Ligand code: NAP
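To begin, one chain is listed below as structure tokens, in the form predicted alone.
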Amino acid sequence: MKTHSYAATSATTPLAPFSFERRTPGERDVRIEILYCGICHSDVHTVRNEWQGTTYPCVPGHEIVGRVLEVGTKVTTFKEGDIAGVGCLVDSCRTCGSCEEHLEQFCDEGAVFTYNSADKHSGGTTFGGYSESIVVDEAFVLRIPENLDLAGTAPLLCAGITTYSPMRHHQVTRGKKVGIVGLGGLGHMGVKLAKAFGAHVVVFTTSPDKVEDARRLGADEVVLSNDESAMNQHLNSFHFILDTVGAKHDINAYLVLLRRDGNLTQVGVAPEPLAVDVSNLIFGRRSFSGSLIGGLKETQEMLDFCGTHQITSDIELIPIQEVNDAYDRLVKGDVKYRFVIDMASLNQAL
């Protein structure tokens, strides 16, 4: 099926209208009309080939919310007219240990990401959500809670699960002290989710102008991380810290804030390695780890949790014609806190 989209044809050219062929839905496939698609910072990195390995043309987008247009004959979980979501994954081997444990993002054979992955159906590359529709196996399609704003829900499919998964893994609950480093697209979701888990939430930021907003989002305390005295007041006190910063910074300044057996999980990808003083881990039996999105089961759990707690992302809704400007603004941190494309604008762009 001919499908309209926006794509990058090289690392240096802007996103522009592009048409390609989607597969005809198979017996277990769901075809979704895309209503909203979030813009993730990884979209920018991939489109501009900053992580290397981008295949062009590249149609980005993995924070997808839409309406089911068609289902295959053996589909049992969705029907025409349902509201559905697609996140960062569209397939995996489904038989390895990770897949059997519902951790498809760590598939031993290599997870199939929503865009810029090898596509076994076409023999080419997967194309993402900056398009009018998508065809996905029902096992990788998610149910969207009826009470949530659809545009604000789109970023939950990446930013939401990226922050939810490590909190669940490290058992963030009521009575825990949780730090969130950075207040951007990921960080603002971390604040909302940690607060909903019942934690005492402390935001670390270098920007005084974000203090008020951090409190609005639910932070109990806000610390300016370049204030050594303020940082020292929190030594040896955190059960868990989520670091969302994707730039070079001193990770040791946060490791020493962990209490014994505390954990710091890194989800922001810095352009160069972070230097870790292992003595900060050894003295206190602290741990430093990373986390990658979540599997399908956990992503559905996250969406249901957000439905229960009325959590969506703070967004700026844009037409697709403004996507290139949005990329530039995102790099500058000029968004509160996530861009979402109104895909109805795609027809006007063609």
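Residue indices: 1-based, along the sequence shown. Keep in mind the model is a prediction, meaning the values are calculated, not measured.
The same protein also has a form predicted together with the ligand, omitted here; what follows describes it.
Remark: of stretches 67 to 75, 145 to 153, 256 to 264, 182 to 190, the one touching the ligand in the predicted bound form is 182 to 190 (heavy atom within 4.5 Å). The ligand is not shown here, but in the predicted bound form it comes within 4.5 Å of a heavy atom of residue 245. Looking at residue 306, you'd find every heavy atom of it more than 4.5 angstroms from the ligand in the predicted bound form. The closest non-hydrogen atom of residue 165 lies beyond 4.5 Å of the ligand in the predicted bound form. In the predicted bound form, no heavy atom of residue 218 sits within 4.5 Å of the ligand. Among the residues 122, 236, 206, 232, the one placing a heavy atom within 4.5 Å of the ligand in the predicted bound form is 206. Checking 40, 323, 47, 302 against the ligand in the predicted bound form, a heavy atom within 4.5 Å turns up for just one residue: 40. Counting a residue when any of its non-hydrogen atoms is within 4.5 Å of the ligand in the predicted bound form, the hits in 286 to 312 run 291, 292, 293.
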